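Next up is one chain by itself, shown in structure tokens, the form predicted alone.
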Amino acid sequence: MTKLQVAIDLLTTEAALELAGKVAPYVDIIELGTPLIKAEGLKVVTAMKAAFPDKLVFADMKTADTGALEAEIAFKAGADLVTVMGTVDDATIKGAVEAAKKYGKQIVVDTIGVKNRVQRAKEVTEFGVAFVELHAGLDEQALPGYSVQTLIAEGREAKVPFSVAGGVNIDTIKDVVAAGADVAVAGGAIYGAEDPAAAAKALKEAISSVTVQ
């Protein structure tokens, strides 16, 4: 079944832990966003894993160089999954994957800025990454005409393990699941909701209601 990942784009460890406490019963993966990690450092990763040891903790490092080194410091801090940018040199991704093998953890490739996401997704999957995050960042989502359906269609076409991030909400999550996504990533749909726990619960129930062909 498709996993539900909450993307926490808050800026303090305290706020992140508070939100995670509300939504943890309904999510499989807790993602600590890049701004949060930059603001708080990797201690937020350590704190989150300590608080929720049964959840996968996703450190959105968006690594662009020194793949092995950045992956290693994140894994040492408690991360289970670490992101490397899909736009970087193959060697950076391969180095991160080697570090992941060393620690028994996994790498996710983020496709922000990748021009041909389907082609790149197929390429990097060969390197042994856990899955490819078909991702439209907040800036891209704000552009006129943006639709998450583009990412969903690319996932179907790529036929590799993938997640979708960028406009996943209660109206679109069933399409994400039906496309065969391994992970559905919801950020603002959860942390921006009046009742984050209820929002996460509704998303989880929506996932469970879909039968993938």
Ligand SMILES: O=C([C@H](O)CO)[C@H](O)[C@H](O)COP(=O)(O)O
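Numbering starts at 1 and runs along the sequence shown. If you're wondering where the values come from, they're calculated on a predicted model, not measured in any experiment.
One more form of this protein exists, namely the form predicted in complex with the named molecule; it is left out here, but the text below deals with it.
Classification of the binding site as open follows from the superposed pose of the named molecule in the predicted complex: not one of its atoms falls inside 2.4 Å of a backbone or C-beta atom here. Taking non-hydrogen atoms only, residue 138 approaches the named molecule to within 4.5 angstroms in the predicted complex.
The named molecule in the predicted complex is approached by residue 35, whose closest heavy atom lies within 4.5 angstroms of it. Mapping the unseen interface onto this chain, residue 186 counts among the residues with a heavy atom inside 4.5 Å of the named molecule in the predicted complex. Proximity of residue 168 to the named molecule in the predicted complex: non-hydrogen atoms within 4.5 Å are present.
Of the candidate stretches 47-55, 154-162, 26-34, 64-72, only 26-34 contains residues with a heavy atom within 4.5 Å of the named molecule in the predicted complex.
A single residue from the set 118, 112, 77, 99 has any heavy atom within 4.5 angstroms of the named molecule in the predicted complex; that residue is 112.
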